[in-house]
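Given as structure tokens, the chain that follows is alone and in the form predicted on its own.
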Amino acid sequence: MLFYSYFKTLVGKEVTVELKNNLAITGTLHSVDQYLNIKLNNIRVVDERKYPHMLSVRACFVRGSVVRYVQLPPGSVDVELLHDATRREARGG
């Protein structure tokens, strides 16, 4: 639940999602659910030459199990808050 709660705070911000098939998509985070499925709006593909068929796509839904990485905006990471939440979750509360 730690990641789910954290990703919910990023709704409306631009993130880059790298998939296990090496496709990287940048877009505005619209929603995320408890399975870390992600919906992005206003997307663009990082390597447009490699994936020209994605140029016309403006929104997408990404299943959480195919996500390799999520690159976050640098200013939105509160390291102290994440450390505290991780400690609380490790203690079971």
Partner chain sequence: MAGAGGEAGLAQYVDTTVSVITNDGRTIVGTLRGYDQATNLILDECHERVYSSKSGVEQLVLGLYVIRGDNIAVIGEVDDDKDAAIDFSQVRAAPLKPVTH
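Numbering follows the first chain given and starts at 1. Remember, predicted model here, so these are calculated numbers, not experimental data.
Here the subject shifts to the form predicted in complex with its partner chain, a form of this protein not shown in this document.
Annotated contacts: 32, 50 and 60 all touch its partner chain in the predicted complex [non-hydrogen atom within 4.5 angstroms]. Put simply, residue 15 is far from its partner chain in the predicted complex: not one heavy atom of it is within 4.5 Å. Contact check for residue 81: no non-hydrogen atom falls within 4.5 Å of its partner chain in the predicted complex. In the predicted complex, residue 10 stays away from its partner chain, with no heavy atom inside 4.5 Å.
Proximity of residue 71 to its partner chain in the predicted complex: non-hydrogen atoms within 4.5 Å are absent; the residue sits far from the partner.
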